[in-house]
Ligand SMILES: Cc1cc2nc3c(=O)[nH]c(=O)nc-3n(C[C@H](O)[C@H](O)[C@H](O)COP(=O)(O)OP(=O)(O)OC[C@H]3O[C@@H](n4cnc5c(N)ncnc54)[C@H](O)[C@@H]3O)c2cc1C
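Only one chain is included here, represented as structure tokens and corresponding to the form predicted alone.
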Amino acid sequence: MISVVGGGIMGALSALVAARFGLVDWWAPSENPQRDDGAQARAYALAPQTVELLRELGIWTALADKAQPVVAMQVFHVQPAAQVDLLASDAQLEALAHIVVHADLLAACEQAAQYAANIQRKGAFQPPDPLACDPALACPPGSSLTIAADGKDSRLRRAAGILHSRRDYDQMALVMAFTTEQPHGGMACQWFRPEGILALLPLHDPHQVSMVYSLPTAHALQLKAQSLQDIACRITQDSEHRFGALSPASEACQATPLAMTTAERMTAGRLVLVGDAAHTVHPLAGYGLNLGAQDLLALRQDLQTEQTAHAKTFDPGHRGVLQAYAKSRQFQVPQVQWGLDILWRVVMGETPGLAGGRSMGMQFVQAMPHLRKWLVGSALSGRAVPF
């Protein structure tokens, strides 16, 4: 028996991956309709690798008509001005990513899990002793492998005695949707501004975009306190009227603190961490959910290897599976996390002359088609550059 602990998108994906290897107890309470991290307002940029996983799990069919392909991305540097254009055609792809809103992705994942024959959904699982520091006590009884997909405040991680570090960016991400005067044409845009990083992602409606604006905490709270119309006017200005005048399409502007968290290890006993339970990243490249999907792809590969080698005595929680998973994530997760952290430092750095250097660097990239093609390929293969 494989146990998956954690609801939401990552929990459902974990249960569906695990169901390919046996019966699954999915310990997942229904998601709170008003989460404190503003997830309901989010739109996710799904990398091609993540989309392929959704196809294999039977989820994409319900999403294909609701997802917006990103055919190109424009990255702007403000003061001094510079621009880089990244095109899907540079990588011989139809899309750099697909944008889906949280509610649609969650509904599709939960529907697929609901009809999966091997998944039995249960209520919330509480470790008997949340401070036990014992992996055995962190897992549901009778579980041969437990997948902790219970988020950044993971109770299982804490109960298993896995320490984690936290780097606070002293920033908040503001999330809101807008109606645009001009059609977005499948274009995603990002502005590196002196005060923060603004991204507008195209939604399925040709005249709607989703905003993620990473700002210093005090600045973010000040903007969030304004009326929705005033926020729309401010974003119209900060986006340099790229899509014309913007008007509110959300009932509220959501805000969530930003931090990079890293578990000291991703396995303990028969427990594995996936998604935010193992790591969080800065949202400047839209990479959080995609990194979690890569966790599941790695775990699936390790389970397949074990199942092939020991078909008659297959044990999902065998030490070999745990060791292989830990090793496979040992380098890629820090590479992405610290790559994004370094990019954030470079973008937000105020060292004299750094802004001019950033602008010159972007101008150089824009003038080099082969370099732009390499950047697109790097992003799609999982390295830490935008998209």
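All values derive from a computational prediction rather than experimental measurement. Start at 1 with the first residue shown and count on from there.
Note that the form predicted together with the named molecule isn't included here; everything after this is about it.
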{"query": "Contact stretch among 233-241, 72-80, 281-289, 308-316 - heavy atom within 4.5 Å of the named molecule in the predicted bound form", "finding": "281-289"}
{"query": "The named molecule contact at residue 339 in the predicted bound form, heavy atom, 4.5 Å", "finding": "no"}
{"query": "Contact flag, residue 187 vs the named molecule in the predicted bound form, heavy atom cut 4.5 Å", "finding": "no"}
{"query": "Contact test in the predicted bound form: residue 58 vs the named molecule, heavy atoms, 4.5 Å", "finding": "no"}
{"query": "is_contact(residue 45, the named molecule) in the predicted bound form, heavy atom dist at most 4.5 Å", "finding": "yes"}
{"query": "The named molecule in the predicted bound form reached by all of 88, 96 and 196, non-hydrogen atom within 4.5 Å", "finding": "no"}
{"query": "Listed residue that, although the named molecule is not shown, lies within 4.5 Å of it in the predicted bound form (heavy atoms), from 124, 221, 252, 103", "finding": "124"}
{"query": "Stretch 195-215 - residues with a heavy atom within 4.5 Å of the named molecule in the predicted bound form", "finding": "212"}
